[in-house]
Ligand code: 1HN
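In structure tokens, the next block holds one chain alone, the form predicted alone.
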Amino acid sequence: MNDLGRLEDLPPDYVAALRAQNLVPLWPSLRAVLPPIKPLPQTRATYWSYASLRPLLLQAGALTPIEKAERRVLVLANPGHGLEKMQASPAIYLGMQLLLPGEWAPSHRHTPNAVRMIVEGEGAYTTVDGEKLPMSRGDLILTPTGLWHEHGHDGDQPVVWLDVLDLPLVHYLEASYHINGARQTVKPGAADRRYARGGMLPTPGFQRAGSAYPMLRYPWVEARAALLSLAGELAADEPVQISYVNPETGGFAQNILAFYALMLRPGQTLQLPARSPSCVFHVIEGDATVQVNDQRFTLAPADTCCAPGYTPVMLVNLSSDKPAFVFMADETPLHQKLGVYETRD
């Protein structure tokens, strides 16, 4: 119960005098910014069906040429924050991006970090800092802050990927901007093969990349194989999950958001604890339900949902004979840097 004084209890002339000097009394709003026990999130548990949005995305391709769109994206907006805010959670932006055969999305760089989780299609690529990275379903591609990147398509079918950015945070900090650039010159690079096997590096003469992001493409074929191998080593009730990390440091792949791949065994039910960061779930293979409090979403391949922080989540693989694979993104690195990360039973 809020037993603090209300703004309405103050004389209007006193409130007017405060506002004339850009002053605000704290006590009427104290519980809104410091609620008891746990936060009161604006983020709502929200679900986006790929089967429903895909026709609208393809229609966008017919309505708006890439030259006018630059990046042809439908934003997965959380109604709890207001659709105009274009954010899925406090620090996560999600968008489904379309590239049609023969198109080229011009080179630019920006302050927000981004990753691309490839949803469908073959033949497209992203060039990041001069390294040409092929895009196949389930691949994770980094486009970190400040690095030049562009997208091209040499195939014959539409290619779609899920964009995940820390844009809401960078925009809130008034640090968000972009710079356009010229088409990049491609240079040799295959870090995804150089770092493909844990504990093994090429020799002789191996040197660290000297880059904060030595690996920009994480192929799904390798991530899937790692999950299947891990499942054989763990007890049946243990979660089968891997983290996408910097291969030279073992730290998070990027510095604000974290990314994971999770395998649900056939018929498995997995209870995730309530943690402080919000989380995004995107199905790569299989069918699963995601339950957030009293809301339950049934996800088919390429479907996406999000859950607010401080909320337990239950995942269920709907197949009794096939595994399901889920990509996850959350705000763990940010919370850890701020010292607010916590897990609750």
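All residue numbers are counted from 1 along the displayed sequence. Being a predicted model, the structure only gives us computed values, none of them experimental.
Only in words, not in the display: the form predicted in complex with the ligand, which the text now covers.
Enquirer: For the chain shown here without its partner, which stretch in 266 to 274, 188 to 196, 223 to 231, 93 to 101 has non-hydrogen atoms within 4.5 angstroms of the ligand in the model of the complex?
Expert: Of the options given, it is 93 to 101.
Enquirer: Although the ligand is absent from this view, report whether residue 165 comes within 4.5 Å of it in the model of the complex, heavy atoms only.
Expert: Yes, residue 165 sits close enough to the ligand in the model of the complex that at least one of its heavy atoms falls within 4.5 Å.
Enquirer: Contact between residue 217 and the ligand in the model of the complex at 4.5 Å, heavy atoms?
Expert: Looking in the model of the complex, residue contacts with the ligand do not include residue 217, since no heavy atom lies within 4.5 Å.
Enquirer: Heavy atom to heavy atom, is residue 137 within 4.5 Å of the ligand in the model of the complex?
Expert: Flag for residue 137 set to no.
Enquirer: Might residue 153 be said to contact the ligand in the model of the complex, defining contact as any heavy atom within 4.5 Å?
Expert: Because no heavy atom of residue 153 falls inside 4.5 Å of the ligand in the model of the complex, the answer is no.
Enquirer: Have a look at 81, 132, 171, 108 for me and say which one sits with a heavy atom within 4.5 Å of the ligand in the model of the complex.
Expert: Residue within 4.5 Å of the partner: 108.
Enquirer: Taking only heavy atoms into account, state which residues of 114 to 137 are within 4.5 Å of the ligand in the model of the complex, ordered by sequence.
Expert: Read in sequence order, the lone residue that approaches the ligand (within 4.5 Å, in the model of the complex) is 116.
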